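Below, in structure tokens: the form predicted alone, a single chain.
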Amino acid sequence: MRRILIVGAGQSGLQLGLSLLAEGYDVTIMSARTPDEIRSGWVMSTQAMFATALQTERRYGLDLWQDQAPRIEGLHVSLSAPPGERALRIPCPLDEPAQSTDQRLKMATWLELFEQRGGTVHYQGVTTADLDGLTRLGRYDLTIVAAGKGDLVGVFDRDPLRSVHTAPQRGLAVAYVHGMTPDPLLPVPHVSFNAVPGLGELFVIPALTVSGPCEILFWEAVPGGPLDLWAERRDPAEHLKLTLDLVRRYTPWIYDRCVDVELTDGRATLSGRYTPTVRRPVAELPSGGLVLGMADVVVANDPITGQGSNTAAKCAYSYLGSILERGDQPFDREWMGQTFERFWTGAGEAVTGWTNAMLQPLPPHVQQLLGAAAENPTIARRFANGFSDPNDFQEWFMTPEAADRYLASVATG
């Protein structure tokens, strides 16, 4: 039985670990926190997951919240221009529902499930020196780093050819709330995507948290602009007040739904910023051991497209396939590189290109597409479903030529 060590207990690490257990592998996970510590901790993400990613969980019986989480039926895209005035509104239905489950609930439950199913968990933080020692001992056939935050990320070199940014592109501010009223113009659960050109974006995401269904208010602020008020972590009550003040000023149609909102719990806020980066997937440690990075360790995109958890799930599923196909052969440097490239060409490259494009001012062809989507449900539906499979955007959204071809085909179809 092949032995695999996974450092990190997030979406990718736990999904891969649980899937490998089901396939008969001996798997050890190293987690910096216990399930109780995760469950009672601060929120970690917004984690709206779309059908393609959810299917990778369901193949191994890991979508445990399908009947509890709100069924997200689509997107509702709005343009606030000039700021505070709704200039455009696009309902964008999904073919299959999405869902968002608070990672405090999800990861705590998955970690418990991993142990119940026979996996080994070591509860400790891991430094680079620790990782070097683990690989030097030779206890594991393969070591994977899935901890996207902390010092371990630094052992993986930045890939300058695939990394276009050298600084954070948005300041991020998240608040989980109870008490929002439904959108009177689109009363089914949906992700509300509100763009304030030049300043940032507000997302409203239906979710399931530890205390039940909720909404997530998520500001993305252009650095240095009037929305960028999150350089320091704020007291949760102050965080919510500031969030709502910005909602009232820049997206009043959302503020109308927020009259009675309150935080879901005392640790329901999150803020920060990071530089979107693609890293080289194989790291050689001081003693010569090799480790393979996965998910946001090596592909960390801005959350403007809501793809973090989706990409992590797809990476876990792609790596799983490569591990199973390897059989008894060694997990050497060449295999590690090929394993990452398989994921990159299958999912990582497309989502990185699309996300980087959405961080920039929208070019004329994208403005034209969105204007057409406001009048044509076929275009709006295709836009929404691209969040499930971003590879499709290359066919019609990413270049002026592709957009022209698509609009022509829709007009004649």
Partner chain sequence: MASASLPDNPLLTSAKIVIAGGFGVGKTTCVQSISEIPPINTEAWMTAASETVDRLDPGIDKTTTTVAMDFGRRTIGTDLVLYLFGTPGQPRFWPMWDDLCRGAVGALVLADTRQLAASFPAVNYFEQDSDVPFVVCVNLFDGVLHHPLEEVREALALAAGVPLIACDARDPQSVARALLAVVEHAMARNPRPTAGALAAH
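Just so it is clear, the model here is predicted, and its values are computed rather than measured. Residue numbers count along the first chain shown, from 1.
The protein also exists as the form predicted together with its partner chain; that form is not presented, and the subsequent description refers to it.
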Could you tell me which of 201 to 209, 306 to 314, 333 to 341, 141 to 149 sits within 4.5 Å of its partner chain in the predicted complex, going by non-hydrogen atoms? 141 to 149
Should the three residues R86, Q103 and V188 be counted as contacting its partner chain in the predicted complex, with contact defined as a heavy atom within 4.5 Å for each? no
Under a 4.5 Å heavy atom criterion, is A81 part of the interface with its partner chain in the predicted complex? no
Under a 4.5 Å heavy atom criterion, is P286 part of the interface with its partner chain in the predicted complex? yes
Contact of V164 with its partner chain in the predicted complex (heavy atom, 4.5 Å): no
In the predicted complex, does R279 have a heavy atom within 4.5 Å of its partner chain? yes
Exactly one of S271, Q169, S322, T109 comes within 4.5 Å of its partner chain in the predicted complex through a heavy atom, and that residue is S271
Looking at R249, R267, R71, K241, which is the one with a non-hydrogen atom within 4.5 Å of its partner chain in the predicted complex? R267
Quick one: name the residues from 123 to 138 with any non-hydrogen atom within 4.5 angstroms of its partner chain in the predicted complex. Y123, Q124, G125, T127, T128, A129, D132
